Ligand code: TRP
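Single chain ahead, by itself, as structure tokens, in the form predicted alone.
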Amino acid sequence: MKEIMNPWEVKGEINYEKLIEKFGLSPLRQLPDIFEKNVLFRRKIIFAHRDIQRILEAIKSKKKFVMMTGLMPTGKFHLGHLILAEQMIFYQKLGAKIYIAVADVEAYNARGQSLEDSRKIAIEQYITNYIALGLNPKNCEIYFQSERSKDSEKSNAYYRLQNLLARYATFNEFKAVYGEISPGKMISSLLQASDMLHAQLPEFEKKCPVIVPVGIDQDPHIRLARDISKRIKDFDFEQLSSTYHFFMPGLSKGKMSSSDENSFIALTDSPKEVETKIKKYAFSGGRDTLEEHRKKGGNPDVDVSFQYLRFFFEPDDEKLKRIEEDYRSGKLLTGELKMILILKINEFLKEHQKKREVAKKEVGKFLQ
């Protein structure tokens, strides 16, 4: 399958090394010890960056910084969304103010979804899960692109910035960054730039470092916002920092898709649904026959069950290493590996779903 990768569609095999070079990113290497405690950083699932030094300096000197992210309110909240949620909570504990934009305008323009449906999905699926995972309301702003704030000064500043940014981008630049582009997508892109930059306005946090963690498919938005922020003279913005994480594979490999129920485990799935999906759909790195597997071993690099353990569900590096070695040697069978994952996911979801029920009552504290 031919590779397609843009903020609205990802298909085919993704060559991350090629994209690092193409987009001018820096591989993520040595980080402070506190980052090594986080599985995503320690295992290089977060693999590249732009200007992360600004954030490291802010953390070291205990200065203000912002983590900015967004959510596309379409479909169910699934395991792939945990990657960003874990980073929100991690940075918040390090002192960041968290800004989360609900991209309901982008969902309307790029996907034809109503604002009402976007709001319902954002609250019931995403925000409720963020709260259950441990997001704190004290240092967090969640807002909808269609309605930034009930505070008119803040709201006006946000939309004013979007309109002023439009002067500093050209149609040819949009074409170069995004490929095919429509007026709706152009508006959405400028609004995303305003999302990333507006925390530094006087009405919000004032000038400070901002980190934007993304999947590499979202890098066009980052590049556009960084380029425009250098040209606009009305404001003095500190350049955006960004990090890039691998896509968590869908059950049948490829990118996890909210539109395909059988490509993901949702955080509301029942134990039986989890077991059925993994047994039936999780791509295996095992051999065709038991005899061949015992003799040649499996390939954990392509096995989805092993990758899920690596991303989240086996935090102990030594245990993960033993599982990998046993699978490569043929000692551990595909069915046994799947059962390890099923038990771990269901143990996690049992507790998480209890927390979700509590979180539903806390949503009002998070919405501006």
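The model shown is predicted, which means the values in this text are computed figures rather than measured ones. Quick note: we count residues from 1 along the sequence shown, nothing fancier.
Beyond the structure shown, there is the form predicted in complex with tryptophan, which is absent from this document and is the topic of what follows.
- In the model of the complex, Asn129 stays away from tryptophan, with no heavy atom inside 4.5 Å.
- Heavy atoms of Val212 reach within 4.5 Å of tryptophan in the model of the complex, making it an interface residue.
- Although the partner is absent here, Ala157 lies well away from tryptophan in the model of the complex, with no heavy atom inside 4.5 Å.
- In the model of the complex, Asp219 stays away from tryptophan, with no heavy atom inside 4.5 Å.
- Site residues Val66, Ala96 and Glu205 are none of them in contact with tryptophan in the model of the complex, judged by any heavy atom within 4.5 Å.
- Screening 163 to 171, 284 to 292, 68 to 76, 176 to 184 for residues having heavy atoms within 4.5 Å of tryptophan in the model of the complex returns a single hit, 68 to 76.
- The contact with tryptophan in the model of the complex, taken as any heavy atom within 4.5 Å, belongs to Met196 out of Ile121, Met196, Ile265, Leu224.
- Taking tryptophan as positioned in the model of the complex, the residues of 91 to 112 that bring a heavy atom within 4.5 Å of it are, in sequence order, Ala101, Ala103, Glu106.
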